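Before any questions on binding or motion, here is one chain by itself as structure tokens, the form predicted alone.
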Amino acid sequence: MGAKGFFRGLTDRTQSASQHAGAGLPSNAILPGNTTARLGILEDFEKAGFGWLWASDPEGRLIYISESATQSTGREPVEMLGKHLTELFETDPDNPDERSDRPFKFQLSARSRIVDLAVRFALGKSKHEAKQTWWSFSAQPILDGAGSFKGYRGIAKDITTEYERKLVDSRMAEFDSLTGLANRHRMANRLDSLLATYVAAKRSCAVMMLDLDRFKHVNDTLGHQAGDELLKQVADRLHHVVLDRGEIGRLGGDEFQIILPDTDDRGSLGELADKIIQVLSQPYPLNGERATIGASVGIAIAPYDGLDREDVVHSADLALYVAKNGGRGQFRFYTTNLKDRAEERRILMEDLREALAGDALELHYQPIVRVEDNMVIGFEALMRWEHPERGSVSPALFIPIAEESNLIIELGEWALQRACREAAQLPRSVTIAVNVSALQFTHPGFPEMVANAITQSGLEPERLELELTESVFMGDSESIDQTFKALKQLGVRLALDDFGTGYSSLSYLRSAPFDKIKVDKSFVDTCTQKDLNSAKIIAAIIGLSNALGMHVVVEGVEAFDQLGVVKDMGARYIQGWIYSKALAIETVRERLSSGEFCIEPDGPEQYRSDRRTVFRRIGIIHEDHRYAGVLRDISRTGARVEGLLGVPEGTELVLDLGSGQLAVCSVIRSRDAMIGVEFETPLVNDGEGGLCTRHRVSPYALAAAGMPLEALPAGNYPMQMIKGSGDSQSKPQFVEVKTPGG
């Protein structure tokens, strides 16, 4: 039905042109009352293709559309009639001209006038299709004499070409032209909008800041074109990891940002960050070359680490800075003491430099044992530092500090020379393994450094084993291959440490001349858990090494249940506390004085999560009372706390670990003022070898309990928040005692 037939029924008023005869008008003039002539003009308008006429009924169903609309939609009018307008058209959230969050459906339900609204033809079309059609809609609501809504009458036109041009212009303003990711401007607007909404809704939002490690090296060695291609591949990998959990942006250079709405689970965030780091650390094919980079990640969560964009991004940036300075290839959560920690690291680095210059460092040696007869066949040299004021400083702390300042080159040379010199005094039946950092390995003089250590000590080259991690492959592939060749010409052995934790270990085995694989401790820690595949992975690694003619050492075995599993999986060589911790050189010499060193395994029957010794003031909450206590040690599943007398086993408590970290637990051991507790929810990795709760108590909850809406210092939580009601106070049931130093 054409315009003439449809619109004739819209008016019952007709007037004859003859009524106006003699008024001085042209004979062919069409007067307003001449309905037939007016409908003819409408039909001419439709045929000319300037636009289309349309109409809907009161329920919003399309009851008329110009036939010429077929050319734009590819659908016959009869296929569209009777369908609801929202089924046929939709507004585009990325419309550069439409900033309203109100969808097309809302605007129709308002029954107000519609003027030049851009909509996408949606019937049978996917928004992911290359060719899409956009219309400009204008319409007037029609009311009858009683004021009842009778539907819309309107016009529409195809604006696809103009609209796509605006989309391109808008995309250039908000998206990175190289990677297609959101740019800094869009990410800032997005985060501003989210946080403004979330403050009112009391929701959380996580922000990750990412920085690529060694990207400048790729640009300098392979050229800027290769660097651009690498950034594109990084963007693709981030998409595959993040998926629809958040929005990814490139802020400039090699800096990226990820916004993760409604996320505050630090366990999941840590897992995601770790996966991002591992995926981005895989080799990149670039114009026939292979480039390997790394990534560091800083994480902040609103509202805990800030309430507006500036504060949250600053917190994530500071966490990223600490992650990069912690040795790169790591993630960090923001904490309020990061600034203090940075100053502490600077002081520790100066102390380390003095310790190296003053020969205050030592090497201890952990045995590697042959399972079949418990004989020691080699040792791994591990660095030890006894600080005059701090006491024993963990290598996990001072090695990353050394790498940060390039002191690792000098430190590594010292360890290599000391290990070779001390190993030369041991029986020829044992080997010595020395850890080599990526920075040390890629140093131009490294092969010569190894040769000098061998020559000066008189150690047989085949007794020296260099332990490398996958991070050594982050340099230039050609220079890496040359270093491997030079080392093998010296006759030393090469071992790939922490095997299985990366994504591309198999490619390394194919391209590098390793003699040994070391299974990472993380698989051993969980090998007895039935719901994980760690035992199967260990078996697969052992089978692979046997097929390649390599030895394999399983690291980190501490308990008999773990020993049984790895032996069943085919392990022949083991390194772990069940046999021995690292020993001083004097002890090693004494035990090897007879020429042989046999160690019987000794340890707990079952492995339990690593328990870290600490000394930290915390709060202990029971019912509506908060007591002061001291945390003595902590693991993923429990802790030992001192400070309360008379706490029966089975008592439910909440440990206030500070900064909104409240851990629900129950007492499983109680003796005098010392209690052992088991957490209801296991703690998670905080990115730097420590532990934290998965979730924190929101400042919104604190505000609801009468506290200011901001992250509060440790130990400042109202009891109403814990108990749910502060109307009454019961008598304290336990006696708080002052602990030494507490």
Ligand code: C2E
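Numbers follow the displayed sequence, beginning with 1. Everything numeric here is computed off the predicted structure, so don't read it as measured data.
We do not show the form predicted in complex with this ligand, though everything after this point is about it.
The closest heavy atom approach of residue 105 to this ligand in the model of the complex falls outside 4.5 Å. By the criterion of a heavy atom within 4.5 Å, residue 560 is excluded from the residues contacting this ligand in the model of the complex. Contact check for residue 366: a non-hydrogen atom falls within 4.5 Å of this ligand in the model of the complex. At least one heavy atom of residue 556 is located within 4.5 Å of this ligand in the model of the complex. Here is the short version: of 415, 85, 320, 352, the single residue with a heavy atom within 4.5 Å of this ligand in the model of the complex is 415.
Residue in contact with this ligand in the model of the complex (any heavy atom within 4.5 Å), chosen from 257, 335, 437, 281: 437. The stretch among 374-382, 542-550, 590-598, 198-206 whose residues place heavy atoms within 4.5 Å of this ligand in the model of the complex is 374-382. The candidate site formed by 399, 467 and 575 is fully in contact with this ligand in the model of the complex, as each residue has a non-hydrogen atom within 4.5 angstroms of it.
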